[in-house]
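Single chain ahead, by itself, as C-alpha cells, in the form predicted alone.
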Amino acid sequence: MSDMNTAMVERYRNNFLKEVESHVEEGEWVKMCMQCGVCSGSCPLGNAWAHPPQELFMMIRAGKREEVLTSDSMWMCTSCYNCIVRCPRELPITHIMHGLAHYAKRLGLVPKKQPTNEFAEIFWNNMMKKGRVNELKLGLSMYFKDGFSQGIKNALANQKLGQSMMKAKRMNPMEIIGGHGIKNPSELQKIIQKAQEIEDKKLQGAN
C-alpha cells in the first residue's frame, strides 16, 4: 500500500470518530449506525435537515470534522424521540444530536444567528440568576433580542399567548421586579462553575 493510501486509511480511522466517542454524549454509538434512514424518516422536521442524523454519523466516520461541527443540523432536533423509538439498533440519536451541538458550542463553532442556540443561551442565563426560570423575563428577552422595534412587534403578535399564560398562572407580571428563585443560587452557581472547569479540561484534551 502506498504512503498516500496509508495516510487516507489512517485519516478515515482517525480520527474524528474517536474524538466524538470521547467528548460527545453517547458518541460511542455513532459507529453502530447502519444507515437505514429510519431516523430522518421518523423526524417531523425530516425534510428540513441539511444533514439528517444518519448522514452526520457517516460524515463523522469519514473524518469530516469541520463539516459536521459547523452544520446547523444537530440544532434542529426538538427532542421528540421518534428516532430513538424507531431505530432498529436503539441508538440514542437524540442525545447524540444534542451532544454534537453542545460540543460544537464548546469549540466556538456554532453557526451565526442560530435560533436554537440563541434561545438556549437566554434560557441558561435566565435560570442561572436565581436557579429557576423566570418565564416573563425569558419571553421578553426573546422578543427583544433583535431590538426594541422588533420586540414590540413580537410582543403584540404573541399577546394572546401571554394572556393565556397569565390565566394559567404560568406568568406573573410582578415577576419583572424580581421573581421566585431557589434558596441558595450561589451554591448552584458554584456547582455549575466546577462542572464547567471539568468540561474545559476535557476539551483541552481534545485539541
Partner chain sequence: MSEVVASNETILVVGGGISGMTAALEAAETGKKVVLVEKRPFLGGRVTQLHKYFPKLCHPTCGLEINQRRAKMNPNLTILTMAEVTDLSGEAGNYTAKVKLSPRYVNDNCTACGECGKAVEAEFDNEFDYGMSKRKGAYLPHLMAHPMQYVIDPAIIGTDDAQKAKDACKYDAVDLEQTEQEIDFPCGAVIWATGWRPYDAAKIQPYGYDRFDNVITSVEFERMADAKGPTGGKLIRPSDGKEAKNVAFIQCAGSRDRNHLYHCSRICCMASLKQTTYVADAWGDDADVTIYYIDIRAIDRFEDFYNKVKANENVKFVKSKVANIVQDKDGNPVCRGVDTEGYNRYENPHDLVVLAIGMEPSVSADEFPVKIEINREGFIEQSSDNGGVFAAGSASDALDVNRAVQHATGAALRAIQVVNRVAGTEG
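Positions refer to the first chain, counted from 1. It should be emphasised that the depicted structure is a prediction, and the values quoted were computed from it without experimental measurement.
Just so you know, the form predicted in complex with its partner chain exists too; it's not on screen, but the next bit is about it.
Contact check at 4.5 Å (heavy atoms) against its partner chain in the predicted complex: all three of Q35, G41 and N47 pass.
Checked against its partner chain in the predicted complex, the candidates K129, K137, R86, H95 yield a single residue with a heavy atom inside 4.5 Å, and that residue is R86.
Shown alone here, A155 lies farther than 4.5 Å from its partner chain in the predicted complex, counting heavy atoms only.
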